[in-house]
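Presented as structure tokens, the chain that follows is alone, the form predicted on its own.
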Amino acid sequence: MPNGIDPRWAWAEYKPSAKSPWDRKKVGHLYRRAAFGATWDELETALKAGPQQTIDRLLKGGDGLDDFERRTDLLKKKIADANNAQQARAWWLYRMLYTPHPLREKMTLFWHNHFATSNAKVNNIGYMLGQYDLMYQHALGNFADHLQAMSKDPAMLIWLDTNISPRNKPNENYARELMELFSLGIGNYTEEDIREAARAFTGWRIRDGKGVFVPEEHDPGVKTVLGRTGKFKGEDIVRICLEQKSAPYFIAGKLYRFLISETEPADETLLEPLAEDFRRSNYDFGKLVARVLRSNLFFDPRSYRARVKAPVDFALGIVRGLEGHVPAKEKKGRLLGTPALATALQAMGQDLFHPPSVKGWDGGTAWLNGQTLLYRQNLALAMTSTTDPRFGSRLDPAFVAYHHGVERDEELVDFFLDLFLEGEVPPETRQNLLDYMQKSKKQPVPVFWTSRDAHQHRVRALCHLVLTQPEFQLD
């Protein structure tokens, strides 16, 4: 996104016009960024409803959320008791796929990368699921409250060593990452600020699975942090960080990268209206998300396909588009089927509950290399072939097309291009797909296939070809 764009226009509310109509392209963009892709019916419904009603629905969530929460909470407890990391990954994927509130789940994933904590060190999936609960609770809530609670979260206490920080030799890990990665950004603090803040975070231990403050383990002396002096505790340091000018800009900038563009960073002038509104709202993150999603800049063509799809978005976008139900049957407290999806995501570089470092996943072009592209193509094939034992016939492009009354070759090409790419491909790509459909009619097929079998095979192969287009790698 080029610098110099008018921030007043950028963050003003988008209103459909003849020049910028509410169309399938905008609907697909919204569902990719604010959810995990859309079904054909969701695309059609949103087209008729218009932007405001559609965004309102995403912000509020759909019906049945309470029942969904109760069902998944019961399973979560069993997974925590068993300390089963693979089932925890599968559980979260299940929630992402079937939640009535996909935006809240999407922003929980945003926070997982922001507060990147890995079970590789925590080694307690119950603590990791507890941190998930914390992020989900505050996903569209108040960031100040979120940051205070995260400072006392058991998984975070272990991850950044606050739980073993002695008063006579404070560990600086949490103080450093609080400023560098969680609130201010590099260049907005000094090494002395970190040393002094580390003293304030002494005294935290884990008792009965909860973070507790132990006064005798705390350094009660006077500290000077970011220009402020006092007998500070950890809560004071969080508050002081959020009083700094850079704090709202830092969080607004991360949200811009997540929802708008990762190819061009936003300058301070562009972020200023968001940051100042964020500060005035006392860090109401839900309000910030809503303003970005409703904005002109969010729906500007320069924001489309301006991010590389994370593996989670790549895989779940296929499942949702094909109206699939990846097997998730519970058996003795375990989820069956979604673990296979979790394993595929690990191979593509996104291992849920196991970010690679305290900085989280780099994202962008780091998601793509020769190996991960091959894994993506293989997963797309597994999901469209109906023969892969991991996914069986739960995802069937031919059935989806038939269900929506699409059978002729030209209609099929346009249907899958519209479903997954909003038709935004070069004319030659569309023609190549049409050529494939015509040529494939002449290919030999097994003698025991009916003409219907042959047609369905061609449809599934067509869908796979669409999912391997370069445009589908972009969000």
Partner chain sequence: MNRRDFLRTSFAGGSMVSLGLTVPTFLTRTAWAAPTADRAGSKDTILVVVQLTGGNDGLNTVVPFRDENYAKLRPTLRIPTNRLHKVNDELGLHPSMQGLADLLQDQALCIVQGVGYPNPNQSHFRSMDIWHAASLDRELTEGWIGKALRQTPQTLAFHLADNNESSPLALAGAPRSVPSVTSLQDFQLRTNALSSAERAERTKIIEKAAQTSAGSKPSLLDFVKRTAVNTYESSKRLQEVAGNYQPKVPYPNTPLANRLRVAAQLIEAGMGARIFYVSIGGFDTHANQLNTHANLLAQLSGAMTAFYKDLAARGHKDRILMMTFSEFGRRPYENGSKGTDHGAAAPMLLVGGKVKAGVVGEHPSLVKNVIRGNMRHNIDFRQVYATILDNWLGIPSKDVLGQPFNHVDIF
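Numbering follows the first chain given and starts at 1. Model, not experiment: these values are computed from the prediction.
What comes next is about the form predicted in complex with its partner chain, which does not appear here.
Undergrad: Looking at 143-151, 243-251, 315-323, 175-183, which stretch has residues with any non-hydrogen atom within 4.5 Å of its partner chain in the predicted complex?
TA: Result for this chain: 175-183.
Undergrad: Can you work out whether residue 359 and its partner chain are in contact in the predicted complex, taking contact to mean some heavy atom pair no more than 4.5 Å apart?
TA: Contact with its partner chain, yes.
Undergrad: So in the predicted complex, does any heavy atom of residue 5 sit within 4.5 Å of its partner chain?
TA: Although its partner chain is absent here, residue 5 would stay clear of it in the predicted complex, with no heavy atoms inside 4.5 Å.
Undergrad: Is residue 461 near its partner chain? Define near as a heavy atom within 4.5 Å, in the predicted complex.
TA: Answer yes; at least one heavy atom of residue 461 falls within 4.5 Å of its partner chain in the predicted complex.
Undergrad: Answer for residue 436 alone: is it within 4.5 Å of its partner chain in the predicted complex, judged on heavy atom distances?
TA: Judged by the heavy-atom cut-off of 4.5 Å, residue 436 is in contact with its partner chain in the predicted complex.
Undergrad: Within 4.5 Å of its partner chain in the predicted complex, do we find a heavy atom from each of 351, 365 and 431?
TA: Result yes, every residue of the spot touches its partner chain.
Undergrad: Which residue, 269, 371, 123, 282, has a heavy atom that falls within 4.5 Å of its partner chain in the predicted complex?
TA: Result of the distance check: 371.
Undergrad: Which pick from 170, 211, 234, 203 sits with a heavy atom within 4.5 Å of its partner chain in the predicted complex?
TA: Going through each option in turn, the one that passes is 170.
Undergrad: Taking its partner chain as it sits in the predicted complex, which residues of 445-465 have a non-hydrogen atom within 4.5 Å of it? Please list them.
TA: Result: 445, 446, 449, 457, 461, 464, 465.
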